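Here you'll find one protein chain in two forms, each presented separately as structure tokens under the names structure 1 and structure 2.
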Structure 1
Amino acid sequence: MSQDIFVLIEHLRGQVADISYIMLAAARTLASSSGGQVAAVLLGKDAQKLAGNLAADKVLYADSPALTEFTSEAYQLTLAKLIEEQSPRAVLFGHTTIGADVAGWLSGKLSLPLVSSCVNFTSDGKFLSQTCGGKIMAEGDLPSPTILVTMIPGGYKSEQGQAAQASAIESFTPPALDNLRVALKKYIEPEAGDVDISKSPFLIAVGRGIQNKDNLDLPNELAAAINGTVCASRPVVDQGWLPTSRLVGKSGKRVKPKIYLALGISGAPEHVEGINESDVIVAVNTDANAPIFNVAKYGTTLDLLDLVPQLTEKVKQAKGG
């Protein structure tokens, strides 16, 4: 048994995901109240280089061909062995396509309690999670001895999880990873060749509130006037109204523009996690209770169809005169 906080480092094709750094930052808070160390858990094949800038006290590293790329089963088995052997105080996972596949399974396997969708740890060591699409917050204790937590961005900055120096790597041996039932066949790339929304300082995001494809003319005109870029929430992309390359959020891109103008977006956690590092969020949503107003600095409850043409007009005027 230890008071250490483990963080599962997520990486995809040689790239460490932002959420890993955010969790390292979170783990630091927890570790200071538990009095343990922060350990980054890295699984891979010849992946030590990825440990370079992890702000951890140590890196626990397992190397195996079966861990080259993420597959749920190999990760589950490896982590089960590690946690059982070391019983840390807490293990943090991203509430993501990687972390969520593993955390639930481990909770069952090791009979350890699990808390999901955590944004923040309070100074007295409690979890703070979002629930009901961000409309409600839940707070509770982290039971001993070991707790598993899946985390969503919002509470910590990823810079805090990055370090200039590499920490010491301790290798551990994964269990026998053969006869696996889950195998990665290949990756399929999204269609390329579109603009990179993460580079634009002014993003105009459209959500389901846009209602139909025709109405996309409105944000497009505004974007042209103000030299911004149009992006979207998932329903808009799922309808095929905009390409996947414009998707913002959990399954799309994380963006950090100067202004994020959210038009008809409710502010579901999966969307918000992609935008909460924007400088200023301005939300247009007819529902005064929409969670997007919790992250926005400015907002209006006007109908976007009424507002946007006016806004385009005013922008043109301001630029012209």
Structure 2
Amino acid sequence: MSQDIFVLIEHLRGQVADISYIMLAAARTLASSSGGQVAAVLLGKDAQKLAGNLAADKVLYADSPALTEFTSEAYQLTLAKLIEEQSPRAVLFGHTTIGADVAGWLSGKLSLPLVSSCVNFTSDGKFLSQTCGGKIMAEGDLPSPTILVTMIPGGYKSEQGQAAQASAIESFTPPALDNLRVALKKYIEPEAGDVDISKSPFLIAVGRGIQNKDNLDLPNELAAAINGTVCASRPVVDQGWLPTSRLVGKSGKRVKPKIYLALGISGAPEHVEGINESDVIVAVNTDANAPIFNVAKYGTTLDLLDLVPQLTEKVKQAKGG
């Protein structure tokens, strides 16, 4: 059995996903306790250029037309072969639609234990994982010999997983990937939204705590006062109160504003994944145990319906002065 830590690199249309860099940073902590190396596992077709800034000791690269875009079966078969041949200490996946799909199948196929929603690792190799929507944190030892882990953002910054120089690339041969049951037909771009929330330096985000559509006047007035933009978590968009172009999180936009004001948002992992790169997160939630406070720099349990009008008035007074 190897003591190396493998990281599956997620990429889409020539861009490496931020979660991949976060996992590389996590892998470095884990490798320091296992005594092994960090190996970035890159699957694709003529995709070697994506290895340019991966902070890994080596890049294991499989090249095949069947791996040009992600399809479950192609990734599953390729990774199963690699894991069986090299028996790494751990394999890290993003807690994403891709990672959860592949890790779950591999766990069943290879009879390997799986730790889900991991936030970080300790220097002695323990894991810290979220459960119950982030309200409970579980800590434990990683089972051996090989463990599969899905990672969520929050414990590491993406820049920690980036390097100035490219790592050495070691090619490996994938299994036969003929007659796959699912193939990608085409990639459909979402329709352009009314605003690009990923470019706004000040975001006022609303969640279930806004209660009803009429109350959106409050964050809209605050946004106008500070030249910010209103965005939302999944429940608000699902109600149709704001368009999908305003959605923040795993199924929406990842944002990096100077200030992210979260109003009535609980802080589920799917939402936190989209905001962990914010400079400052301010949380307003009447539930003192809401997971959003775990990632916020500042927070209050005041009712947003009482706080926001007063905050808007203070901003207007300050600008008027």
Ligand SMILES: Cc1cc2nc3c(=O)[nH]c(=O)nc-3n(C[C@H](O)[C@H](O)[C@H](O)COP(=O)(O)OP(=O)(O)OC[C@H]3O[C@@H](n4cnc5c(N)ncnc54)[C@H](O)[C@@H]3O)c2cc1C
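In this text, rigid core is short for the largest set of C-alphas that superpose within 1.5 Å between two forms. None of these values were measured; they are calculated from a predicted model. All residue numbers here refer to structure 1's sequence, counted from 1.
S.K.: Mark the structure, either 1 or 2, that is the form predicted on its own.
M.R.: Structure 2, not 1.
S.K.: Rigid core fitted, is the C-alpha displacement of residue 18 between structures 1 and 2 2 Å or more?
M.R.: Residue 18: C-alpha displaced by less than 2 Å between structures 1 and 2.
S.K.: Once both forms share the same rigid core frame, by what distance in Å has the CA of residue 302 shifted between structures 1 and 2?
M.R.: C-alpha displacement of residue 302 between structures 1 and 2: 2.5 Å.
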